[in-house]
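First, one chain by itself: the form predicted alone, in structure tokens.
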């Protein structure tokens, strides 16, 4: 066979093998003619089927090159920041939804300066778009920016709108002690006008009466505002005969004027009616039976820096709610000021994932207006302690003392004693009405830790030991004159206990044993096993 350096091709070529074959065809070396003929035939066969060889070589090298680039990119993302800006956000897939709605959620990309920030914001934007409940899927991809602008990227937001604008839920629930079992349902119409609007109607029907009926609309970005707008009309009935000898029915309208991560401002306008079908109500309850108008403005500030509300191991949470009622000239309008404060703090202990959770809640309600010192506070707006909720998860003011049942703490007042037809009083004791308080304070300490078995740890099941305390006090109708801090502290009820916590997203299930260290005569609490089910 001729050697390559024996040939002098007329022009350079990228395929030296082909060049060699062409050169051999012009010169005629007889001693190697047969060999070259066989080689030429083999080359022609290879030229006839070049694709399988190329398909076998090129993809493998390209894959290896791509893998190397990806590995290098991952290492770079982990070890150093990668400068990158977003040049443009492209929206695809929305046929009904307005562009401004998606653009407002994707506005977070404008402030990104690194690849890490873009990836983090992508997750946040994906979550926020999914939370609108109008898309079946959301896909966010990154593409290279214009060639003339190095260090930039285009973000492509591709959405798939919900196939059906109609959705609904229905279920049977048992209200903890306050209500009987109910059937509840919700029907939603999604994105009717393309503004992400959600129209819904809901009901809750008890076996003996209609408990709740409401309808409302939610706009995530009303007229381009940075906060959503919620408007809801409601008809609500609550049965408190067992605890306070009255039923409450209210109907009205609520409007969320401001809603963000840390701030909420809601206006409520409602007509309330308190009745006593049993005719056993105490004198204090009978004084408040009838109609009243509620026109109030409620503001809530909330910040939660805990790692988890279901099992906090580190961080803190704070919430404050202020309400002013009486924003109407009607004489039947309830006028009062109400303030709630919650503070939670979790301290990690470093052993068995243990943590010490501390919490305190306080609240006060007081009437205002002419003669406010002698007026009682509205009965439905007072503070009542007890119930089957965990103070660790909830940030709703002073409501719970572990182990005490719903509305289970003093102050109380004897119910009216009815007389029989013969004129003698009935032998049966009608009991007492729990009246609630104008001032309430609760506190707790909770020590949580993992079980040694891995099966429990993998499922988040853990144990806890706790202690709680709380008290109520009347301040209205000149009762504040007899108030003393020493007397109030001595009236605290205390309880301790231990149990097992089972986190079931988004709920916290506790199987506890409660023991009362201090309680008063009419308090509804005793040593017992109990189940707490809260969010």
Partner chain sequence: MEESRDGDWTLVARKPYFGLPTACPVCLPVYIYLKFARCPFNLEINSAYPDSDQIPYVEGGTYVAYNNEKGGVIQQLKQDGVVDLDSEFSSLPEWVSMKAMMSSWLADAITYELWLGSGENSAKQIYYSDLPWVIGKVLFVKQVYDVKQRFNISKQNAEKKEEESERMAVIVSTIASANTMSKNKLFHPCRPTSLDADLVGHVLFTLKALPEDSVIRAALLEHGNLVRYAERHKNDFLTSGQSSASASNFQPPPSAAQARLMESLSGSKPKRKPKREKTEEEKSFQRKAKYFIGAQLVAVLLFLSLLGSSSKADLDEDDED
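Positions refer to the first chain, counted from 1. Not measured: the values here are computed from a predicted model.
From this point on, the text means the form predicted in complex with the partner chain, which you will not see here.
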> Which single stretch, out of 329-337, 452-460, 159-167, 438-446, brings residue heavy atoms within 4.5 Å of the partner chain in the predicted bound form?
Replying inline: 329-337
>> Within 4.5 Å, heavy atoms only, which of 275, 111, 81, 353 is in contact with the partner chain in the predicted bound form?
In response: 275
> Of 279, 262, 186, 141, which residue is found within 4.5 angstroms of the partner chain in the predicted bound form when only non-hydrogen atoms are counted?
Replying inline: 279
> If you check in the predicted bound form, is residue 292 within 4.5 Å of the partner chain, heavy atoms only?
Replying inline: yes
> Quick one: does residue 314 come within 4.5 Å of the partner chain in the predicted bound form, counting heavy atoms only?
Replying inline: no
> Even though the partner chain is not shown here, does residue 287 get within 4.5 Å of it in the predicted bound form, heavy atoms only?
Replying inline: yes
> Does at least one non-hydrogen atom of residue 417 fall within 4.5 angstroms of the partner chain in the predicted bound form?
Replying inline: yes
